[in-house]
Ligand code: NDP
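To begin, one chain is listed below as structure tokens, in the form predicted alone.
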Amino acid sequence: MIQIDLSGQVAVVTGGSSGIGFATARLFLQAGASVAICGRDGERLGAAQASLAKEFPQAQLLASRCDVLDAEHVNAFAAQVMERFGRVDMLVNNAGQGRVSTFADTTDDAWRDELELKYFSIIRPVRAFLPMLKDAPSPAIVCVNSLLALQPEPHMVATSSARAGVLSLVKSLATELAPQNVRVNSILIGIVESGQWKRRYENYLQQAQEPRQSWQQWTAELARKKNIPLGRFGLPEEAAQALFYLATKLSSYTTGSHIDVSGGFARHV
């Protein structure tokens, strides 16, 4: 990836304590940016902060426990960032996981929970950080979305529906904020290695008979069954590189768009 100098700029990454968010924070720090991450799990957040501080001892890093669905939490996080750094140039919205359910077994409460998570994990951070972003010379908002937005799965009906709504939200925000020079884009991920998949693998190990497959063998077999052309799961770092591109001047003439990060899994043209 082309390296650019982000010295003096500030990046905010929600859900930054693990997975794609953590990998994205690393890229921003490598490029010289000051970085603020947040997460709900205080223990995991502390471990992420310690890991990043060890790797980048001179970096300006803020880690704050925050539930992005709680307006007070998000506003307090934004106030912390303003007090510490005085500006925000890039906002990466990365929160939430998939809900496995069909229409028949998705309750009203489950629908509400899923829609609230997917929408307000974007809406609340954008509201809180937009005043700072508007003051930046080249501000950008990037959202982590899923290929389900364009390619719904029947066993993930609520998540697929919510993801499609997020795709529309990103486009609407991009149009509305373009006159204020704020770019808004997203990535559409397919299957990316995550804690959720690691837990499924651990369940497999508990139930499988010998010989058991390694993580690489198990994920490769799943990729073949799902007909992923590249024959493997994506890595958090690969999704992070797409986020980095959309958040920086590398994509200065791109807004209201998305990058497919699915290993060729997309079946639409």
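Not measured: the values here are computed from a predicted model. Residue numbers run from 1 along the displayed sequence.
Beyond the structure shown, there is the form predicted in complex with this ligand, which is absent from this document and is the topic of what follows.
Between this ligand and the residues 97, 181, 175, 151, the one pair within 4.5 Å by heavy atoms in the predicted complex involves 97.
Taking 31, 63, 52, 69 one by one, only a single residue has any non-hydrogen atom within 4.5 Å of this ligand in the predicted complex, and it is 69. Using a 4.5 Å cutoff between non-hydrogen atoms, residue 247 does not count as a contact of this ligand in the predicted complex. At the 4.5 Å threshold, heavy atoms of residue 221 stay clear of this ligand in the predicted complex, well away from it. By the criterion of a heavy atom within 4.5 Å, residue 17 is counted among the residues contacting this ligand in the predicted complex. In the predicted complex, residue 196 approaches this ligand with a heavy atom inside 4.5 Å. Only one listed stretch (79-87, 139-147, 103-111, 166-174) carries heavy atoms within 4.5 Å of this ligand in the predicted complex, and that stretch is 139-147. Taking this ligand as it sits in the predicted complex, the stretch 230-266 never comes within 4.5 angstroms of it through any non-hydrogen atom.
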